[in-house]
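Next up: a single chain in structure tokens, the form predicted on its own.
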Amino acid sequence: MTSGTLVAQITDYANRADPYPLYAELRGTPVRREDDGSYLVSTYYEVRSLANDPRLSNDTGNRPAGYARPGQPAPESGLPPSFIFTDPPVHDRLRDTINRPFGPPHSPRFLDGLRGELAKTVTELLDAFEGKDQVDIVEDFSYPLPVTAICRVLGVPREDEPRFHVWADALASSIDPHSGEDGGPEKAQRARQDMGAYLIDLIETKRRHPGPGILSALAPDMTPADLEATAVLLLVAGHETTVNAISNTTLTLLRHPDLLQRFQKEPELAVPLIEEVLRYEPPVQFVPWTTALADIDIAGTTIPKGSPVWLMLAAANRDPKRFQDPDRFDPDRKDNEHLGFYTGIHYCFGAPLARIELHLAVPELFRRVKFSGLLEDPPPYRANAVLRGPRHLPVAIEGLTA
């Protein structure tokens, strides 16, 4: 198998259900040059090193001509990129501004104040399982909870969710490096324009009539273009990855009935169990948009200046040089410093919110629902190779406790 065909297989939908044998093969060459001149980095210490290296740029504008630029708005749109696609000092200024109303140290109680409403949402979603003998965990549980959360965080009316569901899907697919094969960039650009128009109106309303949510808090401190770009990013990324995390946790536990029974008896296992899922089945599989700003020597290879670099997080999370028996799901794993939420200055902005949602949703789901088993294994997966998770997760259930 050549290097060129290996990356093609990793992104091929036929391997979406189980890409891990391909990642194992990829780790045989920790820094692998592809036929198009891009470099795939797949081992833990090398991925972690580069993710913290200022010589690696997240600004896809630094990509050489002819390479895909995931997440970059079309030049004619006149819009700035979202802050995850910027480098310091722009990145640091934007992220610091956005963090002020979102969490510590400026707003230490904001996220914690969401717990009551989110716990109520979990209860209502599970109550709706009553009388059913099968449900789709994605559609009926792991999608609506994060959408409710991110709407509450931003101050977006929850009743407007149907309007941005289609936009969010199209925008999320645009970070897939092969999305151009099915007209993805055109769909994403239309979605970006439609969502942008919606958010511009909402932001202007928030400027005139401030209300709950961070859009109102940010409106005086950010330009309209930067705030719109930020709102698009948070609205999409703020729920897409958490949907995957909840769905992947459910799927993993149903595939490990012995651990599920233990979890139901030991609810305190939730913290290490969820962290192990983030290692074992991370919601973001790889970061394909970074670029070398200088020649970088790593693992006996020189990545030339200007080369696109893919950081293969899911491969690194199963590196046997870092994690013992890495293909085994083990919630008792010690020193589990996984890359499920990335690392460095681009560490997932929404990780604290995602953890709150996971710790409210997962224990309650398995406390209240008596599962009979999976109706499809493997389930149908999303087309997106980067944001990997089930598109649907149909399960049989026998009942619901109070």
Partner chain sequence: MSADTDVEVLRRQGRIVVVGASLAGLRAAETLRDQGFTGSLTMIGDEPYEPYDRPPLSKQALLGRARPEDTALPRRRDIDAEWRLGVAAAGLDRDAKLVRLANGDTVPYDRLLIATGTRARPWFHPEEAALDGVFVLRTRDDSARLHRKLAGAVSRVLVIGAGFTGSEVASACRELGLDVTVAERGPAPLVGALGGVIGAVADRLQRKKGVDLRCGISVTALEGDEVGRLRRAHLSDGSAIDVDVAVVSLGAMRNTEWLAGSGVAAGPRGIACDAGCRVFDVNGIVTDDIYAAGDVARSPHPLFDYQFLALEHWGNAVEQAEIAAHNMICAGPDRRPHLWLPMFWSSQFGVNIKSVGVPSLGDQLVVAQGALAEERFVAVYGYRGRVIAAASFDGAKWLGFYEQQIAAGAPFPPEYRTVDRRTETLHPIDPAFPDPHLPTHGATVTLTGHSPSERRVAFVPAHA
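Remember, it's a predicted structure, so these values are computed and weren't measured experimentally. Numbering follows the first chain given and starts at 1.
Missing here is the form predicted together with its partner chain; even so, the following discussion is about that form.
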Stretch from 364-372, 349-357, 32-40, 52-60 whose residues place a heavy atom within 4.5 Å of its partner chain in the predicted complex: 52-60
Its partner chain: the contacting residue among Asp136, Asp87, Asp169, Glu161 in the predicted complex [heavy atom, 4.5 Å]: Asp87
Selected contact from Ala270, Leu293, Leu118, Ala219, since only one has a non-hydrogen atom within 4.5 angstroms of its partner chain in the predicted complex: Leu293
Its partner chain contact in the predicted complex: Gly344, any heavy atom under 4.5 Å: yes
4.5 angstroms heavy atom contact with its partner chain in the predicted complex for Asp96: yes
Non-hydrogen atom contact Glu266 with its partner chain in the predicted complex at 4.5 angstroms: no
Exercise: Asp92 in contact with its partner chain in the predicted complex, heavy atom 4.5 Å: yes
